[in-house]
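This document contains two forms of one protein chain, each encoded as C-alpha coordinates and listed individually as structure 1 and structure 2.
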Structure 1
(Lines of atoms letter the chains of each structure in order from A and count residues from 1; the text may use other names and numbers.)
(Lines give C-alpha, C1' and ligand atoms only; values in the text may rest on other atoms or scores of the structure.)
Protein backbone atom coordinates (compact mmCIF):
# COMPACT_ATOMS: atom_id res chain seq x y z
CA UNK A 1 0.00 0.00 0.00
CA UNK A 2 1.28 3.44 -0.87
CA UNK A 3 1.73 6.09 1.80
CA UNK A 4 -1.53 7.60 0.59
CA UNK A 5 -4.84 5.77 0.75
CA UNK A 6 -5.14 2.76 -1.53
CA UNK A 7 -8.46 3.21 -3.30
CA UNK A 8 -8.32 6.82 -4.33
CA UNK A 9 -4.85 7.10 -5.75
CA UNK A 10 -4.50 6.82 -9.49
CA UNK A 11 -0.91 5.57 -9.32
CA UNK A 12 0.20 1.92 -8.95
CA UNK A 13 -1.94 -0.60 -10.73
CA UNK A 14 -5.52 -0.86 -11.92
CA UNK A 15 -6.60 -2.96 -8.98
CA UNK A 16 -6.06 -0.08 -6.59
CA UNK A 17 -8.74 2.00 -8.26
CA UNK A 18 -12.33 1.90 -7.08
CA UNK A 19 -14.90 0.76 -9.66
CA UNK A 20 -16.14 4.27 -10.19
CA UNK A 21 -14.61 7.67 -9.44
CA UNK A 22 -16.24 9.17 -6.36
CA UNK A 23 -18.29 12.34 -6.51
CA UNK A 24 -16.43 15.22 -4.88
CA UNK A 25 -17.73 18.70 -4.12
CA UNK A 26 -15.22 21.21 -2.77
CA UNK A 27 -16.73 23.61 -0.24
CA UNK A 28 -14.83 26.89 -0.12
CA UNK A 29 -15.21 30.35 1.39
CA UNK A 30 -13.44 32.46 3.99
CA UNK A 31 -13.09 31.64 7.70
CA UNK A 32 -16.55 31.93 9.27
CA UNK A 33 -18.45 31.96 5.97
CA UNK A 34 -20.51 28.96 7.17
CA UNK A 35 -18.87 25.99 5.39
CA UNK A 36 -19.10 23.59 8.33
CA UNK A 37 -22.64 24.65 9.23
CA UNK A 38 -23.97 24.10 5.72
CA UNK A 39 -22.04 20.84 5.22
CA UNK A 40 -23.86 19.39 8.24
CA UNK A 41 -27.18 20.27 6.52
CA UNK A 42 -26.09 18.79 3.18
CA UNK A 43 -25.09 15.52 4.88
CA UNK A 44 -28.57 15.22 6.40
CA UNK A 45 -30.37 15.70 3.09
CA UNK A 46 -28.10 14.35 0.38
CA UNK A 47 -26.09 11.43 1.80
CA UNK A 48 -22.63 12.90 1.47
CA UNK A 49 -19.72 12.31 3.84
CA UNK A 50 -18.37 15.60 5.19
CA UNK A 51 -14.61 15.90 5.40
CA UNK A 52 -13.29 19.13 6.88
CA UNK A 53 -9.58 19.55 6.15
CA UNK A 54 -9.26 21.78 9.23
CA UNK A 55 -10.95 19.18 11.48
CA UNK A 56 -8.71 16.42 10.11
CA UNK A 57 -5.62 18.54 10.75
CA UNK A 58 -6.74 19.37 14.31
CA UNK A 59 -7.35 15.65 14.99
CA UNK A 60 -3.91 14.81 13.60
CA UNK A 61 -2.37 17.53 15.78
CA UNK A 62 -4.01 16.03 18.87
CA UNK A 63 -3.11 12.44 18.02
CA UNK A 64 0.52 12.86 19.03
CA UNK A 65 1.68 12.58 15.41
CA UNK A 66 5.20 13.67 14.46
CA UNK A 67 3.61 16.54 12.52
CA UNK A 68 1.59 17.73 15.53
CA UNK A 69 3.78 20.65 16.50
CA UNK A 70 4.10 21.88 12.91
CA UNK A 71 0.32 21.70 12.38
CA UNK A 72 -0.33 23.51 15.66
CA UNK A 73 2.01 26.37 14.79
CA UNK A 74 0.73 26.73 11.24
CA UNK A 75 -2.93 26.78 12.30
CA UNK A 76 -2.29 29.39 14.99
CA UNK A 77 -0.50 31.47 12.39
CA UNK A 78 -3.21 30.95 9.73
CA UNK A 79 -0.75 29.29 7.36
CA UNK A 80 -1.63 26.45 5.01
CA UNK A 81 -0.15 23.08 5.99
CA UNK A 82 1.78 21.31 3.18
CA UNK A 83 -0.45 19.17 0.94
CA UNK A 84 1.62 16.09 1.63
CA UNK A 85 0.04 16.01 5.10
CA UNK A 86 -3.49 17.15 4.24
CA UNK A 87 -4.06 15.05 1.12
CA UNK A 88 -3.01 11.93 3.00
CA UNK A 89 -5.50 12.66 5.79
CA UNK A 90 -8.27 13.28 3.26
CA UNK A 91 -7.59 10.04 1.38
CA UNK A 92 -7.54 7.98 4.55
CA UNK A 93 -10.84 9.50 5.64
CA UNK A 94 -12.38 8.87 2.21
CA UNK A 95 -11.44 5.21 2.31
CA UNK A 96 -12.52 4.77 5.89
CA UNK A 97 -15.98 6.22 5.15
CA UNK A 98 -16.98 3.52 2.66
CA UNK A 99 -19.00 6.23 0.86
CA UNK A 100 -18.52 7.49 -2.70
CA UNK A 101 -19.88 11.05 -2.26
CA UNK A 102 -17.77 13.61 -0.44
CA UNK A 103 -18.00 17.22 0.63
CA UNK A 104 -14.43 18.37 1.01
CA UNK A 105 -14.61 21.46 3.22
CA UNK A 106 -11.79 24.03 3.40
CA UNK A 107 -9.73 22.34 0.72
CA UNK A 108 -8.08 23.12 -1.69
CA UNK A 109 -6.96 26.30 0.03
CA UNK A 110 -4.10 27.14 -2.30
CA UNK A 111 -2.68 26.13 -5.65
CA UNK A 112 -0.38 23.59 -4.06
CA UNK A 113 -3.38 21.84 -2.39
CA UNK A 114 -5.30 21.86 -5.65
CA UNK A 115 -2.52 20.46 -7.81
CA UNK A 116 -1.53 17.79 -5.28
CA UNK A 117 -5.05 16.41 -4.91
CA UNK A 118 -5.54 16.35 -8.65
CA UNK A 119 -2.26 14.64 -9.39
CA UNK A 120 -2.56 12.05 -6.61
CA UNK A 121 -6.22 11.13 -7.19
CA UNK A 122 -7.03 12.25 -10.74
CA UNK A 123 -10.37 13.40 -9.28
CA UNK A 124 -12.00 16.58 -10.61
CA UNK A 125 -14.67 18.13 -8.41
CA UNK A 126 -18.25 17.90 -9.62
CA UNK A 127 -18.51 21.56 -8.66
CA UNK A 128 -17.16 24.06 -6.12
CA UNK A 129 -19.61 25.48 -3.63
CA UNK A 130 -18.41 28.98 -2.81
CA UNK A 131 -19.74 30.79 0.25
CA UNK A 132 -19.31 34.46 -0.48
CA UNK A 133 -19.41 36.62 2.66
CA UNK A 134 -18.14 40.09 3.63
CA UNK A 135 -15.08 40.07 5.85
CA UNK A 136 -16.72 41.99 8.68
CA UNK A 137 -19.54 39.41 8.93
CA UNK A 138 -17.02 36.54 8.89
CA UNK A 139 -14.95 38.25 11.58
CA UNK A 140 -18.01 38.65 13.80
CA UNK A 141 -18.97 35.00 13.37
CA UNK A 142 -15.50 33.64 14.06
CA UNK A 143 -15.11 35.75 17.19
CA UNK A 144 -18.44 34.37 18.45
CA UNK A 145 -17.83 30.76 17.43
CA UNK A 146 -16.84 29.56 20.92
CA UNK A 147 -15.34 26.24 19.91
CA UNK A 148 -12.15 26.88 21.82
CA UNK A 149 -10.06 27.09 18.67
CA UNK A 150 -6.53 28.49 19.00
CA UNK A 151 -6.99 30.48 15.77
CA UNK A 152 -10.34 32.14 16.57
CA UNK A 153 -8.79 35.32 17.94
CA UNK A 154 -8.39 38.66 16.23
CA UNK A 155 -4.65 38.29 15.60
CA UNK A 156 -4.97 34.88 13.91
CA UNK A 157 -8.11 35.95 12.03
CA UNK A 158 -6.33 38.88 10.39
CA UNK A 159 -3.62 36.50 9.17
CA UNK A 160 -6.23 34.01 7.93
CA UNK A 161 -8.05 36.68 5.94
CA UNK A 162 -4.78 37.68 4.31
CA UNK A 163 -3.97 34.07 3.37
CA UNK A 164 -7.53 33.62 2.12
CA UNK A 165 -7.26 36.63 -0.19
CA UNK A 166 -3.76 35.86 -1.40
CA UNK A 167 -3.88 32.07 -1.74
CA UNK A 168 -7.43 30.73 -1.59
CA UNK A 169 -9.37 33.18 -3.76
CA UNK A 170 -7.11 32.42 -6.76
CA UNK A 171 -8.13 28.74 -6.51
CA UNK A 172 -11.79 29.78 -6.60
CA UNK A 173 -11.02 31.96 -9.64
CA UNK A 174 -9.31 29.01 -11.30
CA UNK A 175 -12.43 26.85 -10.93
CA UNK A 176 -14.62 29.76 -11.96
CA UNK A 177 -12.71 29.96 -15.24
CA UNK A 178 -13.67 26.31 -15.77
CA UNK A 179 -17.35 27.03 -15.07
CA UNK A 180 -17.33 24.97 -11.87
CA UNK A 181 -18.12 27.56 -9.21
CA UNK A 182 -21.60 27.70 -7.64
CA UNK A 183 -21.62 30.97 -5.68
CA UNK A 184 -23.88 31.56 -2.72
CA UNK A 185 -24.58 34.73 -0.74
CA UNK A 186 -23.44 33.43 2.65
CA UNK A 187 -24.26 36.62 4.56
CA UNK A 188 -27.92 35.57 4.81
CA UNK A 189 -29.39 33.56 7.72
CA UNK A 190 -28.49 29.84 7.88
CA UNK A 191 -31.89 28.62 6.58
CA UNK A 192 -31.84 30.96 3.58
CA UNK A 193 -28.31 29.96 2.69
CA UNK A 194 -29.36 26.31 2.83
CA UNK A 195 -32.28 26.94 0.46
CA UNK A 196 -29.77 28.18 -2.12
CA UNK A 197 -27.37 25.31 -1.40
CA UNK A 198 -30.16 22.74 -1.82
CA UNK A 199 -30.85 23.84 -5.38
CA UNK A 200 -27.35 22.93 -6.52
CA UNK A 201 -27.47 19.47 -4.95
CA UNK A 202 -30.97 18.78 -6.23
CA UNK A 203 -29.91 19.62 -9.78
CA UNK A 204 -26.88 17.34 -9.42
CA UNK A 205 -29.12 14.48 -8.23
CA UNK A 206 -31.45 15.12 -11.19
CA UNK A 207 -28.49 15.06 -13.56
CA UNK A 208 -27.21 11.76 -12.13
CA UNK A 209 -30.70 10.20 -12.28
CA UNK A 210 -31.28 11.32 -15.89
Structure 2
Protein backbone atom coordinates (compact mmCIF):
# COMPACT_ATOMS: atom_id res chain seq x y z
CA UNK A 1 0.00 0.00 0.00
CA UNK A 2 1.41 3.38 -0.95
CA UNK A 3 1.56 6.24 1.52
CA UNK A 4 2.37 9.92 1.55
CA UNK A 5 5.23 9.08 3.87
CA UNK A 6 6.76 6.79 1.25
CA UNK A 7 5.49 8.37 -1.96
CA UNK A 8 5.89 12.04 -1.25
CA UNK A 9 8.84 12.23 1.12
CA UNK A 10 12.40 12.66 -0.08
CA UNK A 11 14.15 9.48 0.98
CA UNK A 12 17.51 9.56 2.72
CA UNK A 13 19.15 7.93 -0.29
CA UNK A 14 17.97 10.82 -2.44
CA UNK A 15 15.53 8.84 -4.57
CA UNK A 16 13.49 11.03 -6.88
CA UNK A 17 9.93 12.03 -6.14
CA UNK A 18 7.05 10.74 -8.27
CA UNK A 19 5.26 13.12 -10.62
CA UNK A 20 1.94 12.95 -8.80
CA UNK A 21 1.88 15.04 -5.65
CA UNK A 22 -0.99 16.18 -3.47
CA UNK A 23 -2.40 19.68 -3.83
CA UNK A 24 -1.49 21.69 -0.74
CA UNK A 25 -2.69 25.16 0.23
CA UNK A 26 -1.30 26.84 3.35
CA UNK A 27 -3.83 28.98 5.24
CA UNK A 28 -2.41 31.83 7.32
CA UNK A 29 -3.97 34.65 9.30
CA UNK A 30 -3.97 36.02 12.83
CA UNK A 31 -6.24 34.94 15.70
CA UNK A 32 -9.77 36.04 14.85
CA UNK A 33 -9.11 36.47 11.12
CA UNK A 34 -11.81 33.90 10.27
CA UNK A 35 -9.56 31.10 9.00
CA UNK A 36 -11.55 28.31 10.66
CA UNK A 37 -14.91 29.45 9.25
CA UNK A 38 -13.52 29.84 5.74
CA UNK A 39 -11.66 26.50 5.85
CA UNK A 40 -14.99 24.80 6.68
CA UNK A 41 -16.56 26.51 3.64
CA UNK A 42 -13.67 25.40 1.37
CA UNK A 43 -13.97 21.80 2.60
CA UNK A 44 -17.71 21.82 1.89
CA UNK A 45 -17.50 23.42 -1.56
CA UNK A 46 -14.20 22.12 -2.95
CA UNK A 47 -13.61 18.77 -1.24
CA UNK A 48 -10.37 19.58 0.54
CA UNK A 49 -9.23 17.93 3.79
CA UNK A 50 -8.62 20.55 6.50
CA UNK A 51 -5.56 19.88 8.67
CA UNK A 52 -4.60 22.06 11.64
CA UNK A 53 -1.01 21.60 12.82
CA UNK A 54 -2.00 22.77 16.31
CA UNK A 55 -4.89 20.29 16.53
CA UNK A 56 -2.66 17.44 15.36
CA UNK A 57 -0.03 18.25 17.99
CA UNK A 58 -2.68 18.40 20.72
CA UNK A 59 -4.24 15.12 19.59
CA UNK A 60 -0.84 13.41 19.53
CA UNK A 61 -0.09 14.69 23.06
CA UNK A 62 -3.33 13.17 24.31
CA UNK A 63 -2.90 9.87 22.47
CA UNK A 64 -0.59 8.30 25.05
CA UNK A 65 1.91 7.36 22.32
CA UNK A 66 5.67 7.58 22.83
CA UNK A 67 5.74 10.48 20.36
CA UNK A 68 2.91 12.18 22.26
CA UNK A 69 4.76 11.90 25.57
CA UNK A 70 7.85 13.45 23.99
CA UNK A 71 5.80 16.40 22.66
CA UNK A 72 4.07 16.85 26.03
CA UNK A 73 7.39 16.87 27.92
CA UNK A 74 8.96 19.34 25.50
CA UNK A 75 6.04 21.76 25.83
CA UNK A 76 6.03 21.35 29.62
CA UNK A 77 9.75 22.22 29.70
CA UNK A 78 9.13 25.30 27.57
CA UNK A 79 10.87 23.82 24.54
CA UNK A 80 9.71 24.28 20.96
CA UNK A 81 8.57 21.07 19.26
CA UNK A 82 10.94 20.41 16.32
CA UNK A 83 9.45 21.32 12.94
CA UNK A 84 10.16 17.80 11.64
CA UNK A 85 7.81 16.33 14.27
CA UNK A 86 4.95 18.59 13.16
CA UNK A 87 5.66 17.86 9.49
CA UNK A 88 5.55 14.09 10.13
CA UNK A 89 2.19 14.45 11.92
CA UNK A 90 0.89 16.36 8.90
CA UNK A 91 2.17 13.67 6.53
CA UNK A 92 0.52 10.90 8.54
CA UNK A 93 -2.77 12.79 8.57
CA UNK A 94 -2.53 13.35 4.80
CA UNK A 95 -1.89 9.65 4.26
CA UNK A 96 -4.78 8.55 6.49
CA UNK A 97 -7.25 10.94 4.86
CA UNK A 98 -7.21 9.16 1.51
CA UNK A 99 -7.59 12.58 -0.14
CA UNK A 100 -5.13 14.42 -2.39
CA UNK A 101 -6.24 18.03 -1.66
CA UNK A 102 -5.28 19.64 1.62
CA UNK A 103 -5.73 22.90 3.50
CA UNK A 104 -2.95 23.19 6.08
CA UNK A 105 -4.16 25.71 8.62
CA UNK A 106 -1.89 27.83 10.83
CA UNK A 107 1.27 26.36 9.32
CA UNK A 108 4.05 27.17 8.59
CA UNK A 109 4.21 29.37 11.68
CA UNK A 110 7.75 30.49 10.93
CA UNK A 111 10.61 30.15 8.46
CA UNK A 112 11.92 27.00 10.15
CA UNK A 113 8.52 25.29 9.71
CA UNK A 114 8.44 26.31 6.06
CA UNK A 115 11.94 25.01 5.30
CA UNK A 116 11.30 21.74 7.16
CA UNK A 117 8.03 21.08 5.31
CA UNK A 118 9.58 21.56 1.89
CA UNK A 119 12.76 19.61 2.68
CA UNK A 120 10.97 16.66 4.37
CA UNK A 121 8.06 16.35 1.92
CA UNK A 122 9.45 17.82 -1.31
CA UNK A 123 6.07 19.57 -1.65
CA UNK A 124 5.58 23.28 -2.30
CA UNK A 125 2.13 24.76 -1.70
CA UNK A 126 0.05 25.70 -4.74
CA UNK A 127 -0.49 28.99 -2.95
CA UNK A 128 -0.76 30.58 0.49
CA UNK A 129 -4.21 31.86 1.41
CA UNK A 130 -3.54 34.86 3.64
CA UNK A 131 -6.42 36.30 5.65
CA UNK A 132 -5.37 39.90 6.13
CA UNK A 133 -7.31 41.56 8.94
CA UNK A 134 -6.62 44.70 11.02
CA UNK A 135 -5.50 43.94 14.56
CA UNK A 136 -8.37 45.99 16.05
CA UNK A 137 -10.94 43.87 14.19
CA UNK A 138 -9.27 40.58 15.18
CA UNK A 139 -9.11 41.73 18.81
CA UNK A 140 -12.82 42.58 18.77
CA UNK A 141 -13.71 39.17 17.31
CA UNK A 142 -11.57 37.20 19.76
CA UNK A 143 -12.99 39.12 22.73
CA UNK A 144 -16.54 38.49 21.50
CA UNK A 145 -15.67 34.81 21.14
CA UNK A 146 -14.39 34.71 24.73
CA UNK A 147 -17.35 36.44 26.37
CA UNK A 148 -17.08 36.90 30.10
CA UNK A 149 -13.29 36.70 30.16
CA UNK A 150 -12.48 39.80 28.10
CA UNK A 151 -10.43 41.68 30.69
CA UNK A 152 -8.35 38.62 31.52
CA UNK A 153 -7.61 37.90 27.91
CA UNK A 154 -6.76 41.26 26.40
CA UNK A 155 -3.03 41.13 27.20
CA UNK A 156 -2.60 37.51 26.17
CA UNK A 157 -4.47 38.20 22.94
CA UNK A 158 -2.14 41.09 22.13
CA UNK A 159 0.87 38.87 22.85
CA UNK A 160 -0.52 36.28 20.44
CA UNK A 161 -0.90 38.96 17.75
CA UNK A 162 2.70 40.08 18.29
CA UNK A 163 4.11 36.55 18.10
CA UNK A 164 2.01 35.81 15.02
CA UNK A 165 3.19 38.96 13.24
CA UNK A 166 6.86 38.47 14.04
CA UNK A 167 7.00 34.80 13.08
CA UNK A 168 4.52 34.54 10.21
CA UNK A 169 5.25 37.67 8.20
CA UNK A 170 8.65 36.37 6.96
CA UNK A 171 6.84 33.26 5.66
CA UNK A 172 4.27 35.39 3.85
CA UNK A 173 7.01 37.59 2.40
CA UNK A 174 8.95 34.53 1.19
CA UNK A 175 5.96 33.11 -0.68
CA UNK A 176 4.95 36.55 -1.92
CA UNK A 177 8.36 36.83 -3.59
CA UNK A 178 7.49 33.60 -5.44
CA UNK A 179 4.06 34.93 -6.50
CA UNK A 180 2.25 32.39 -4.31
CA UNK A 181 0.35 34.60 -1.85
CA UNK A 182 -3.39 35.12 -2.35
CA UNK A 183 -4.38 37.91 0.02
CA UNK A 184 -7.96 38.19 1.27
CA UNK A 185 -9.47 41.22 2.99
CA UNK A 186 -10.73 39.31 6.03
CA UNK A 187 -12.36 42.36 7.66
CA UNK A 188 -15.40 41.99 5.37
CA UNK A 189 -18.52 39.93 6.21
CA UNK A 190 -18.13 36.13 6.06
CA UNK A 191 -20.13 35.76 2.81
CA UNK A 192 -18.09 38.41 1.00
CA UNK A 193 -14.83 36.87 2.18
CA UNK A 194 -15.89 33.46 0.86
CA UNK A 195 -16.79 34.93 -2.54
CA UNK A 196 -13.18 36.12 -2.82
CA UNK A 197 -11.85 32.77 -1.56
CA UNK A 198 -13.96 30.86 -4.11
CA UNK A 199 -12.30 32.63 -7.03
CA UNK A 200 -8.84 31.36 -6.02
CA UNK A 201 -9.98 27.76 -5.55
CA UNK A 202 -12.04 27.70 -8.75
CA UNK A 203 -8.96 28.91 -10.67
CA UNK A 204 -6.82 26.24 -8.98
CA UNK A 205 -9.32 23.48 -9.81
CA UNK A 206 -9.30 24.60 -13.44
CA UNK A 207 -5.49 24.56 -13.48
CA UNK A 208 -5.24 21.08 -11.89
CA UNK A 209 -7.87 19.69 -14.29
CA UNK A 210 -6.13 21.13 -17.35
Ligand SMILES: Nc1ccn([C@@H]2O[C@H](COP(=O)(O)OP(=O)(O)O)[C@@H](O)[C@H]2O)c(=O)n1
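Since we're looking at a predicted model, the values are computed, not measured. Residue numbers count along the first chain shown, from 1. Just so we're on the same page, rigid core means the largest C-alpha set that superposes within 1.5 Å between forms.
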Note to self: form predicted on its own is structure 2
Exercise. If we fit on the core, is the Cα of residue 61 displaced 2 Å or more between structure 1 and structure 2?
Worked result: yes
**Message:** Is residue 94 displaced by at least 2 Å at its C-alpha between structure 1 and structure 2 when the rigid core is overlaid?
**Reply:** no
Notebook entry, point to check: Is it true that residue 70 shifts between structure 1 and structure 2 by 2 Å or more at the Cα, once the core is aligned?
Noted result: yes
